[in-house]
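What follows is a single chain, given as structure tokens, in the form predicted alone.
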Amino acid sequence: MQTSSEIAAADSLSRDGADADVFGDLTGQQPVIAELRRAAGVAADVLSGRAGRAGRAAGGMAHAWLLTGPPGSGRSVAARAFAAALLCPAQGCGSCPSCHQVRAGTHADLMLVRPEGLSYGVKQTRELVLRAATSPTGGRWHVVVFEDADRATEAAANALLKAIEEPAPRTVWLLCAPSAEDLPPTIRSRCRLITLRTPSSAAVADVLIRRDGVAPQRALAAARAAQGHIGRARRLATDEEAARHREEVLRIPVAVTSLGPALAAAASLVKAAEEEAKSVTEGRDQPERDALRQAFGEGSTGKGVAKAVRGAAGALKDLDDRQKSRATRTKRDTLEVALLDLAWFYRDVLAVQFGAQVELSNAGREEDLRRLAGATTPESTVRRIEAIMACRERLAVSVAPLLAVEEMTLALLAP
């Protein structure tokens, strides 16, 4: 799962990486690029009248797409690139005003949906469906990029299904989710599926070297640590605070030698997540409240202003709920990253125990890996990985974070 900071890093990578065309930002996804290019060509033929409905379907174009792949594989980057190709007269040249507007997220016929909270509700979805049904202003397509579509509630998914079942003639839906199973069967059966793979460490390192000027050794270390997650790798390579936080997390396996250190490690993880959530939301919450109050006329005078200000109470309550949900989401995402770092550490321990010839994500911590590998059995390492995965599942169903993480760190203790 991506944190808000990692999303921002991925967006920056997308902006900085304007290659020959809009698909230049995708790394290690050549089969996906080929399929999307082909579909964009068919879409252009449909607009020109050279291909009818039958030609549109036969050529791989569809009104609804589901882009799946592991975190960091580039689902949203692929969706934006495809949107640019559909909206560009030259099918994604990367240099025209349309392509620049898509990259900036300001194109009139592009709708970008990125749920910030724990879920995306039915009210928001109905409003989205109504806006998506309008005709494109530029005469081409009206494209909806719905990131993290798996966060839609059941009622929201039903509202979305109706729009996909009976699409507007010029509307294209691009849904993004980690896997097809994260969406209801009724929705995924009506979408053309695109599956992205995790880029290799070498490919990710090459992106960091070429686009961000990162030293080769540092770039490769960050790519291995991020396990193919491009945004995460970029942050680890360029943000000292992110790298420091990861080092603190990776000290836990060696530090949890007894009850006290285990509980302290849990408290430290949760506190770090709370501070991250606070830093992300603190600078946004108050400006949002001020803007809403101003929109309802607070500070103005005249007939009807007092009534309008009183009516703002409900809107402020809704805003407060959304902000709390966003903070909770950020906290969970931060913990998710830490737990995955731990899981990959123990995966490396397991690889050392079996003598497997695989690339280690923690190649700079061989001493700790060998020490733990020699002090425990593969069975106990597997149990620790299972405890980390169980903690992730508990956090996903709203178990109190400190309780879930404490149970995990206690399970990391030697038997």
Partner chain sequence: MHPSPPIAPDPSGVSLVVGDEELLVDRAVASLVAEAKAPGEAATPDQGIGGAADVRDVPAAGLGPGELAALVSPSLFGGAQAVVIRGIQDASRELAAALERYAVSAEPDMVLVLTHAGGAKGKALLTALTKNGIRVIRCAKISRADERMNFVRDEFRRLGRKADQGVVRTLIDAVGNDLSELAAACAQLSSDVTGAIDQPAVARYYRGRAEASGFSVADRTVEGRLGDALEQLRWALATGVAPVLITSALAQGVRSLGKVGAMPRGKSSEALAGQLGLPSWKIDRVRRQLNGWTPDGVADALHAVAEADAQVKGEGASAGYALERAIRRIVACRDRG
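Model, not experiment: these values are computed from the prediction. Numbering follows the first chain given and starts at 1.
Below, we turn to the form predicted in complex with its partner chain, even though it does not appear here.
Checking 162 to 170, 253 to 261, 108 to 116, 203 to 211 against its partner chain in the model of the complex, the stretch whose residues place heavy atoms within 4.5 Å of it is 253 to 261. R394 belongs to the set of residues with a heavy atom inside 4.5 Å of its partner chain in the model of the complex. Using a 4.5 Å cut-off on any heavy atom, the residues of 382 to 405 that reach its partner chain in the model of the complex are, in sequence order, R394, V397, S398, V399, A400, L402, L403.
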